[in-house]
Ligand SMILES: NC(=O)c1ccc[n+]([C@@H]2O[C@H](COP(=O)([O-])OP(=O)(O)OC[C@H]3O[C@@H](n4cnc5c(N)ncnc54)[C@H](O)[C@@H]3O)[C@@H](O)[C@H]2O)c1
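Presented as structure tokens, the chain that follows is alone, the form predicted alone.
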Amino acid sequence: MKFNDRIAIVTGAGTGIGRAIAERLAGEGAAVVLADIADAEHVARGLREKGGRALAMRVDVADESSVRSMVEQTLERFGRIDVLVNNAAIAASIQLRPFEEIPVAEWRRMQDVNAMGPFLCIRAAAPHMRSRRYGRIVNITSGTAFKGAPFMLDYVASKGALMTMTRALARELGKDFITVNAVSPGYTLSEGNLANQDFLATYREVAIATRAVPRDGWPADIVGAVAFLASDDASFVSGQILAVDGGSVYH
């Protein structure tokens, strides 16, 4: 129960990797705020039925006022913020296409959610972490930014931005004993990715073939690394990007 008395916000916690992370943190004692643009109450209810503390909120991470409200409600309900996991992203709905065919509006929305969203969440939470000189921030990036995956340039660019943000913010926030790290999953069979048949057909076998451990990746494979970086076991780890992809990329 390494997260006893810890308060964690997990964005994009209604499904997939975000849900698995929230369930892991709650299972180890954290009170968890499940922030999602869709309804995550069913997940929160399940955690409460198991004796956990959980609060679901509808949050658009690309909207400044929505993020501000998320932080305010968390403080009102639980009194502080110890852990922030920036998982919310546009990912499963990606349409594979040459970069010349990506609409400008789609590019902007991708950056707003995948890069601006974590910026807004960290900016809103950091003052409260700084006041207590404690915080764990974990960003969920993507192995595509290491590999330079084709036909999804808007997504790759947004995740590359989040990687560099992780390193820069580790420098800015470290003096207040706030760590900032990232987990970089490989292609993971979340509900959304399983539903995107075109993407699944294109990348599933290709992803497996690049791995030292040649199997599918599942949300459950990601949560241990996130829990480590969010815990006091990682108090002297910051600015790092941990690839959890079966040994597909080394850096």
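Because the structure is a prediction, the values reported are computed rather than measured. Throughout, we count residues from 1 along the sequence that is shown.
As for the form predicted in complex with the ligand, it is not shown, yet the points below apply to it.
In the model of the complex, none of the heavy atoms of A220 sits within 4.5 Å of a heavy atom of the ligand. Contact between V113 and the ligand in the model of the complex is found at the 4.5 Å heavy atom cutoff. The ligand in the model of the complex is approached by D60, whose closest heavy atom lies within 4.5 angstroms of it. Contact check for R80: no non-hydrogen atom falls within 4.5 Å of the ligand in the model of the complex. For the options V71, L169, I178, A89, the one in contact with the ligand in the model of the complex, meaning a heavy atom within 4.5 Å, is A89. Considering the ligand in the model of the complex, the lone stretch of 129-137, 72-80, 146-154, 90-98 in range is 90-98 [heavy atom distance within 4.5 Å].
Residues P185, G186, Y187, T188, S190, G192, N193 are the members of 170-204 with a non-hydrogen atom no more than 4.5 angstroms from the ligand in the model of the complex.
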